[in-house]
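Single chain ahead, written as structure tokens, the form predicted on its own.
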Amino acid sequence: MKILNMIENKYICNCKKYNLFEKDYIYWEDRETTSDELDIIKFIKNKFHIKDKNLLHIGIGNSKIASIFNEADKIVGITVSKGEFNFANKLNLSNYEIFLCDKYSENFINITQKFKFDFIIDTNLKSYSCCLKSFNYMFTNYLKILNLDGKIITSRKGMNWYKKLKPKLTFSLKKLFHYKLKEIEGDKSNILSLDEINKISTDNNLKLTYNERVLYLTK
């Protein structure tokens, strides 16, 4: 498995951001898979064939998606957490390539443009956006690397989630002093309404499909 570590992320906006790559921050690598992600996993298993497809997972967490869909031809994972990055590396999955990168950064398209994806899984499409400019830039990049008939899949719960990640030095009996990424209150404008996603769909000539748990856009 080829691993590339991208530390110096650059951005198109001037929003104040925490440096998520300064330390070896842990985040979700040793935690249970979220209900949002489990909804997406169940939906994909029931709806689509993954064999021989290329899959991009944004925010890899405990890498459950890479483990479950290991019949895919290629799985690329993006994370801002060195803990998640290291955990994914140790899984030693032959078709799994991981990058330490922020999806809102300019580095993202530099990394992913060599691939074309049939599925982009992003549980929190807009939840952690610093501004609308960065969100639109991210989404445009998604479309650039999405195959014709490819799907961008997200969670309905995730559409209503708005948080920021703050680096923190913390202490526990198990890990003693360590660095982690803590979720703090974010911007309510990052709630992604059905009206907004419908406009995004129309503006980009995408087909919008959803149920009560999962939503996806088809190119």
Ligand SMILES: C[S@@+](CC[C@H](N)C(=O)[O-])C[C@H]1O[C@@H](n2cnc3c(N)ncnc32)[C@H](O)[C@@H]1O
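These figures come from a predicted structure and were not determined experimentally. Numbers for residues come from their place in the sequence shown, where the first is 1.
As for the form predicted together with this ligand, it is not shown, yet the points below apply to it.
Under a 4.5 angstroms non-hydrogen atom cutoff, this ligand in the predicted complex has Y128 among its neighbouring residues. Remark: W28 counts among the residues lining this ligand in the predicted complex, judged by a heavy atom distance of 4.5 Å or less.
Using a 4.5 angstroms threshold between heavy atoms, I152 stays clear of this ligand in the predicted complex. This ligand is not drawn, but in the predicted complex it has a heavy atom within 4.5 Å of T33.
Only one of 112-120, 68-76, 143-151, 94-102 places residue heavy atoms within 4.5 angstroms of this ligand in the predicted complex, namely 94-102. Taking this ligand as it sits in the predicted complex, the stretch 176-201 comes within 4.5 angstroms of it through a non-hydrogen atom at just one residue, E183.
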